[in-house]
Every structure is written in structure tokens, then in C-alpha cells.
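Take a look at the C-alpha cells below, where one protein chain is shown in two forms, each on its own, as structure 1 and structure 2.
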Structure 1
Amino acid sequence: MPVTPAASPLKILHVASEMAPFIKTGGLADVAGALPAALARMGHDVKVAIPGYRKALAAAGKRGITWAAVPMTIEVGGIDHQVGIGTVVMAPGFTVHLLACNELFDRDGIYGPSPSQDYDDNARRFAVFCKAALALPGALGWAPHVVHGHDWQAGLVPALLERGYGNVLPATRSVFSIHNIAYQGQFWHWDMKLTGLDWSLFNPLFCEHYGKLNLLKTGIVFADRVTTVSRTYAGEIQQGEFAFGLESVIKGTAYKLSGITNGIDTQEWDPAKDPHLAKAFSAEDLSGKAACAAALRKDCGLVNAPGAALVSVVSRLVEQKGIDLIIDAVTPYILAGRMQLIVLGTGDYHLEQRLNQLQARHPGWVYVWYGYNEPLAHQVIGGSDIFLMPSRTEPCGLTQMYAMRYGTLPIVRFTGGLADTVKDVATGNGTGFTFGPVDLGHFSSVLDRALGLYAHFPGEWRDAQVQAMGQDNSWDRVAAEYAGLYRRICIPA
């Protein structure tokens, strides 16, 4: 077991399938960008391995990527892949390595040709990625104390490490984080041949789950420690309702599971210094927020509707996020002149169709922008009054924390990280609004309550805004928790 003196810096390798600012489809990218940065600020030596997707390499090109002279040769299922090592230095002690393999990653998509479609060769793509990530330390002459893998795309990392793959990192310990248990990386059993693991491990105790290769389960089973991204979610995923079939696996590994609630990048998301906003504002001086709202209404072609709250959504448009509840609930409030709605997102076709209809029925009151748009996300969150996140499940959720930091009060379902980060105004010193059961009645009622407070109690509204903006959700505190966890598995008690 590797021993590190309590105060000495740790060497940590993160393995993630996306990372801001190089490539992002959701919150995992935010975490994989911000957590390593925070660990490096604490003095640790941190590297991140991500796949060298076409878009990621283009982004890295603008940040002065350099290439190792010799690519790595990574064998998967009898085929050798040449994997180039691109390096971008982000900050002292914080380096990103883009693992480039043209035949697997030089494509427009990340996980598939569209958000709702996967590539047929994803098992191979991420097996090559995991093996390359574990070969990376050898190529760099750098031995990490801990390898920290994220989500199913990195699920093979703890398993290969534990089984001594390549025999290069015998003393390295592993941490595996579940960002969303709904996505498990399930493949047909023959893909076991691509993992580099012995066939004998294709059984229900290890890699198999109901006849399929399950890479999330594989990561969970083999890791030295498992984390998930909020305290409440760590409890929820031990129950059938939330675990998407993995509850018994989670219960069986509960002894090594902990929930660490994500933080947010408070530099990137700072209303006082946000270059995307029409005007800066802060908890002390909220006047700029009105200018942001006016600019947003104008940009989105919404009518000037005094008294109506500007209500927004920035989200992947999928069932998990409760978008259907929003579509079902808002019409009476729009017709009554109490709210306007802005939606920024991309995802399921049928949800997009229903949002199109909503927009067509309420011109000047509803605006929908499909696609991924970082500046617009800042403008929407900065300019609106209320942010909707009625997720059926939410491992952590970051956008509700961004919203609070911008004095935009979130309405969230009381689940996962939403329950851990938003306090209902009804309980005193609140920062938003929460509701329980996923049905139209409960959602409409919380929306009604929020719109009522907004319209009739400006003093209370402002107090809640100030309370929300004062929350400390910075990564520094969270990174210290991870560092503690890393040390516990590196130092004998």
C-alpha cells in the first residue's frame, strides 16, 4: 500500500469522457474541469486524461497543445490502436492529456452521431480510452497515488488496475465516481473480449448484469472507493426507484460508498464579472439584473410584460429532467400574464416538438433555443427571475447552483443534489422552492407559490435572492473532501 506523509502533495490522475473547456455535454465536464483545478490549487499534482475527440482537439489547438514524439500502442480485442498523447498545461500542477486515436475519436459526435444515438463501437472506443489512460503514467514517467475514474466510460479503469493490467501501477489506488446511475454503459456479452479482463469475470459478481457487460457496475465493483455526486443521491441509489437495476450492487458496496456534493466554478459563474451579461450585478447591488432581464427579453423576442416573472430552463431535454411537467403546467400562468418562459436545451425529439407547439401558441411569451450555447446559458440564468429544475432524479445538478449565485430562485424537486443544495423559502432563510411528488398538481402548486411571492412580496423575494447568492458552493471545500478520501486509501490507518 502506498504511504504518503499527511501533508505531502498527492499525484492524482482523473479519467473522464468529457471536460470543460474542451468538450461538454453535461455537468460531468464541469466537474472534470473544476475538481482537478481545485486539487491543483491545494498543491496536488493533477493530470486529467480525456479522449481526443475532434472538437476537443480543436479546442486544445487554441490552448497550445503539444504532442508526445511517440504514440502509445494500445491493443484491444486483437487490434492495435496508435494513441497519440496531446498535452495542454492548464495551471501549475494541472495538466490535461488528450488521448487521440483517429479511427475512434476523429468524429463530429462524442457518444454518437446525435444526442439520442450511440456509436456502435462505443465499447471499443472506451476500452481503448481506459487502457490508454492507464498506460499514460508509464509514458510520462509519473506514477499516480490515485486514479479517479468518472462514469461508465472510465469503468474499466478500476478493474484493469486491480487486475494488474500492464503491471505498471501496482501501488496505485482507485476511486470511481457515479455521476448518473441511469447511464451504465451496457454492451452485449461478446464485448467482454474488448475489456482485457479475464472471461471468468463475466459473472454477476463482477462485470455481468443480467446477461450484459455493464461497465458502470464493473467500475463500482473493482474500485477501492466509490463516490457519487451528492449525499442524498448516495442514499437514493440504494433503493430500487432510483438505481436503474443496480440497487443490490450499490447496497453490496455501500461500505466503500460516499456522497460528496459537487461544487461550482465561482470564477466562471460570477455575476459581478461575467463577460456574457449585459450588466454586472451582485448581492449588494442587484440593479444590473434588471438590465440583464431587459436585454434577454429583447434578444429572445419576448414582449415587455411588467409584472410577469421571467422563468427559465437550461437543460438537456430528456425525461429525467421533468421537462414534460413544465410543458404541461405553464399555460395557465402564461395566459394570466404571470410568467414568460425561456428554454435553452437540446435532446429528445418529442419534447422539442411539444416545446415548438408551446412557443407557437404563445408568441412573445415563450422562447425556445435548441442547441448548446454557453454564452446564452449565462444570459438566461443571469437575466431570469425563476429557474426550473423539476428533475425526476438528479444526482447533483449544477445549474440550480449557478441560478442561485445569479439571484435566480430555483424551483426544484426534492431529490438528490437538488435536495442538498436548495432550501425552500417556506422554511425560513430559503434559497428557492422545492416540491415532492412528480405530478402536475404538485408542480403547478409550487410554481404558483413562487410566482405569488415574486409578484406580491418583493421584500421577501429580495431576501431570498441575497440568501441564495451568499451560498458557498465553491469547489475548494469539496476538493478538500476528495483529498481526504484519497489520503485515507493511500495511508494505512
Structure 2
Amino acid sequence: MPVTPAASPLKILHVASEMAPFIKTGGLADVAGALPAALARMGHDVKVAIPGYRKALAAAGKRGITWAAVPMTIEVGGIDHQVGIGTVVMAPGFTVHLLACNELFDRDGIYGPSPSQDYDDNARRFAVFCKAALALPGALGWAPHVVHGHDWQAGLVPALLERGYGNVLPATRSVFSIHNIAYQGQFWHWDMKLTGLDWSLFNPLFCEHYGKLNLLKTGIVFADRVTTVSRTYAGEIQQGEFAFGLESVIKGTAYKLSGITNGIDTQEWDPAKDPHLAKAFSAEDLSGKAACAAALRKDCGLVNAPGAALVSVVSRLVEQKGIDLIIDAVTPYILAGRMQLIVLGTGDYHLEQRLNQLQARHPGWVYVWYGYNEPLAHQVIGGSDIFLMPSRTEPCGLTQMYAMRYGTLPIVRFTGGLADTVKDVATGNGTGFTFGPVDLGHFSSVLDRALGLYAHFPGEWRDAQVQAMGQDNSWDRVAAEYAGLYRRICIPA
């Protein structure tokens, strides 16, 4: 076990299947990009290993990627794979290594040819990736104190470390993060031979789960510490309603589980200097927000309705995000002239069709943009008064924190990271609005309450905006929590 003086920097290797700004399908990429950067700002020596996908390598080429002279040879299931090491220096103390293996990662898709279809060889792909990530420090002549794996794609990392894979990194400790327990990396039992682990570990105590190899479970069981992305979610995943069959595994490892709520990039999301906004504003001077709202209405073709609240959604359009609740609830408030609705996102076809119908019934009052548009996301969140996020489950969520930073009060269900980050205005010093049971009545009630406060109590509304904008949801705060966790497992008590 390495002994690290309290004031000395740590060496930390993050292993993740995606990372912004190179490749992104969800919140994992934001964490893998922002957390290492914040740790490096604290003075730690941080490296990130990600697969060398086709699109990731193209993005890295624009940042000046360099290649190691000699590739690594990684054996999986009796087949040798040549893995090249591409390096991009992001900032002092912060380096990204793209592990390139053309036969496995030089493809258009990341996890599959489409979002709804996985590649048949994902077990091999990510076994190679995990083994290459653990071989990387040896190739670099650099030994980390901690390896931090993220989600099922890195689930083999803690197991291989604990079982002494190749005698690499014998003194390195492991942390494993669950970003969304619904995605577990389940494969048929014969893929166990690809892991490099002994067949004896294919049992209910370790890698097997209902007859399948489960890589998320493997990471949880073998890691020295397990984290998830909010404090409330850490409790929720110990219940059958939220755990997708892994509740007994989480309960059995709860002694090493921590919930650390994600942060946001407060440089990229800053209304005082956001280049995407029509006019800058701050908690001290909110006058620019009205200009942002006017520009947003004009760009989206909405009628000028100064008495109506501008209500927005920036989300995947799926039932898990509560989009059906929103569609069911908003019509009476639109007809009454109390709100206008802007939706940005993409998702389930039937929900998109229902949004099309809503837009057609209320021209000038509802606008829907399908897809994801980063500048428009900033403009929508910056120009809106209320942000809707009635998720049925939400491990952490980031957009509610973006909304609060822009003085756009969120309406959220009291679950996961939403419960940890949004405090109801009814408390007297709240930052948004919360509700509990997932049904039309409760959601309509909280929406009515928010629209009422907006329309009739402008002083209280502004106080809530200022309170929301003053919340510290920065990655620097989050990184300090992780650094404390790393030190606790690296330093003898």
C-alpha cells in the first residue's frame, strides 16, 4: 500500500469509455472530462485512459495528438491485440491517453451501430480496453496511487487489480463509480474467458448474476471503494425499485459506498460571460435575462407574451425523464396564457409525435427542436424562467444545476441528484420546486405553484433566482471530496 504524505500530490488514473470533449453520449463523458481537470488544478498528477474510437481520434488530432513509438500487446481470449497509445496534453498535470485498436474501436458507433443496438463483441472490446488501461502506466513509466474506473465498461479494472493481473500495479488502490445502475454490461457466461479472471470467480459472490457475466457487479464487488453520482442515489440503489436487480449487491457492499454529487463546469456555464446569450447577466444584475428571453422568443417564433412564463425542457425525450407528464400537464396553462413551452432534445418516436401535435395545436406558444444543439441549449436555459425536469429516476442530473446557475428555477421530482441539488422555495431559501409521486396531479400542482409565484410574487421570485445562482455546484468542490476519498484508501489509518 503506497504511503502518501498529506500535502503531497496524488497520481490518479481515470478509466472511462467516453470523455468530453473527445467523445460523448451522456453525462459520463462530462464527468470524465471535468473531474480529472479539477483534480489537476488542485495539483494532482492525473491521466485519463479512453478507447481510441474513430471520432475520438479525429477530435484528438485537432488538439495535437502524439503517438508512442511502440504499441502494447494485449492478449484477450487467446488473441493478441496491438494497442497504440495516443497522448493529448490537456493542461499541466492533466493528460489523456487514447488506446487505439483498429479492429475493435475504428467504427462509427461507440457501443453499437445505433443507440438501440450493441456490438456483439463488446465484452472483448472492453476487456481489451481495461487490460490496456492497466498496462498503460508500465508503458509510461508512471505508477498511480489510485485507478478510478467508471461504469461497466471499466468494471474489470478493480477485479484485475485485486487479482494481480500480470503483476501490474501491485500497490495501486481502486475506486469504481456507478453513473447509472440501469446499464450493467451483461454478457453470456462463456465471455468469462475474455476477462483474464479465474473461472472460479463466476459465481453469485463475484462476477455472475442470474447466469450472466455482469461487469458492473464485478467492478462493485472488487473495488476498494465504490461511489455513485449523488448522495440520495446511493440510498436509492439499495432498493429494488431503483437497483435493476442489484439491490442485494449494493446492500452487501454498502460499507464502502459513497454518494458524491456531480458538479458542473462553471466556466462554460456562466451567464456573466456566455457568448451564446443575447446579453450577459448575473445575480447582481438580472436585467440581461429579459433580453435573453426576448431573443429566444423571436428565434423560436413564439408570440410576445410578457405575462407568460417561458418554460423549457432540454432533455432526452423519454418517459424516464417524465416527458409524458409534461405533455399531459401543460395545455391548460398554455390556453390560459400563463406559460409558453420550448423543448430541445431527441428520443422516443411516440413522444416526439405527441410534441409535434402539441406544437401544432398551440402555434406561437410551443416550440420543439429535435436533436442536440449546444449553443441553443445555452440560449434556452438562459432565456427561460422555469426549467422542467420531472424525471422518474435521475442518478444525478446536470441540467437542473445549469438552470439554477442561469436563474432559471427548476421543477424536479424529489429523487436522486435532483433531491440533493434543488431545494423547494417553500422552505424560505429554496432554489426551485420539488414534488414526489409521479402522477399528473402532483406534477400539475407544482407547475401551478411555480407559475403562480412567477406571476404574482416577483420579489420572492427574484430572491429564489439569486439563491439558485449562488449555489456552489463547481467541480472544484466535488474534486476535493474525491481527493479526500483517494487519500483515505492510500494512507494507513
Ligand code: GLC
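For numbering, take structure 1's sequence and count from 1. By rigid core we mean the largest C-alpha set that fits within 1.5 Å across both forms. Computed from a prediction, not measured in an experiment: that's the story for all the values here.
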property	result
Of structures 1 and 2, the form predicted alone	2
Option at the hinge, rigid-body rotation between the two structures, list 292, 408, 228, 475	475
Estimated from C-alpha overlays, the smaller rigid part's rotation between the two structures in whole degrees	9
Rigid-core-fitted C-alpha displacement of residue 303 between the two structures (angstrom)	4.1
